[in-house]
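Shown here is one chain on its own, the form predicted alone, set out as structure tokens.
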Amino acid sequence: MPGLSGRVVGQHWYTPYLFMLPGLLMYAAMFAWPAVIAIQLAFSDYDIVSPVRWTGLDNFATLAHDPRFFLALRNSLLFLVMFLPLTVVAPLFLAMLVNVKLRGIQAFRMLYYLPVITSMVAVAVAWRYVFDREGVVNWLLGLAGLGPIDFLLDRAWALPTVVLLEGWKNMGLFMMIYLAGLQAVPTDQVEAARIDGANARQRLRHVIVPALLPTFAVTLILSMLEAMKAFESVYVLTRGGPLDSTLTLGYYIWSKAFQDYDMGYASAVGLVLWAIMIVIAAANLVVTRRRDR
């Protein structure tokens, strides 16, 4: 029973911290300690073989004149622009489709969610065959008298193809988030709008979308972060090519660390990416809070 101090009678002040201790230790080992090491490496020169050598801001000075870094940054921002409609807009309509009470609707929800729980590597390998010059997509285009298109070898098509794969794989996750939000929308407000003569589009615009603003904020932040750190799909499908047209920041960090063994510079780029993601999340939070007011 809580006492005057808000603490359960007979409970020591440190009891809650004992319950939190395993989680805090795991957090320190899995995130905090590697983050500290990465920050230290960002200001050092380290190639795995030689000892770590402190270089101050040299890595950041190099980064400021690195054309491949700015190309990777541009590609990541393009990735973000193309990714958002697939993970913020399309899943809302999918969620509305599966939010109806029909027999077997759970099976459709499961089908949409299956790509989320499938390994990105397995999905990307399958998509390589789908978008191959001799693949299914080009066969369908051939039936319509179009193509063939080298989706993964053409500089104009490679990045949109990778984005399409990432969007398709993550669509089910965001659909489930929207579905939870839709089921929390007060049904009496929707019914009241229907009785007042509002059609489906008006109910969506004036009742459902305003009620889903907090859900939009969550999906927007998660989508932005997912887009900026895209790596696996690029690694399996294109390895950053052709001619760096799909070089994203995530893949650039990996290539500097594990192909060039320049751990210090890779950590510096990672630190910049981390700062960009914090700025994006903070800006999204500020805009969403203003709209809520």
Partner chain sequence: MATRRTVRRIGLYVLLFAVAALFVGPFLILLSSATKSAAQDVFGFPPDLIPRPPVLDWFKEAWTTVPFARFLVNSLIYVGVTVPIYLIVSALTAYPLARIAFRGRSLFFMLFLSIMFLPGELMLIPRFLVMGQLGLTDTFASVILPAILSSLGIFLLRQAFAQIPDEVVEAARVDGANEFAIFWRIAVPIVAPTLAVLAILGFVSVWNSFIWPMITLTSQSKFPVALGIAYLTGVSGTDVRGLAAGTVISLLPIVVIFLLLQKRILNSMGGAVKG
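For clarity, a rigid core is taken as the largest C-alpha set superposing within 1.5 Å between two forms. Because the structure is a prediction, the values reported are computed rather than measured. Positions refer to the first chain, counted from 1.
Heads up, the form predicted in complex with its partner chain isn't pictured, but that's what we're talking about next.
Under a 4.5 angstroms non-hydrogen atom cutoff, its partner chain in the predicted complex has residue 134 among its neighbouring residues. By the criterion of a heavy atom within 4.5 Å, residue 56 is excluded from the residues contacting its partner chain in the predicted complex. Residue contact with its partner chain in the predicted complex: residue 157 places no heavy atom within 4.5 Å of it. Its partner chain is not shown here, but in the predicted complex it comes within 4.5 Å of a heavy atom of residue 118. A single residue from the set 238, 44, 267, 245 has any heavy atom within 4.5 angstroms of its partner chain in the predicted complex; that residue is 267. Contact with its partner chain in the predicted complex, judged by any heavy atom within 4.5 Å, is made by just one of 110, 200, 81, 89: 110.
Shown without its partner, the chain has 26, 27, 29, 30, 31, 33, 34, 35, 37, 38, 41, 46, 48 in segment 25 to 48 as residues with a non-hydrogen atom within 4.5 angstroms of its partner chain in the predicted complex. Superposed on the core, the two forms differ at residue 27: its CA moves 2 Å or more between this form and the one not shown. Taking the rigid core as fixed, one finds a CA shift for residue 18 of 2 Å or more between this form and the one not shown. Superposition of the core reveals a Cα shift of 2 Å or more for residue 283 between this form and the one not shown.
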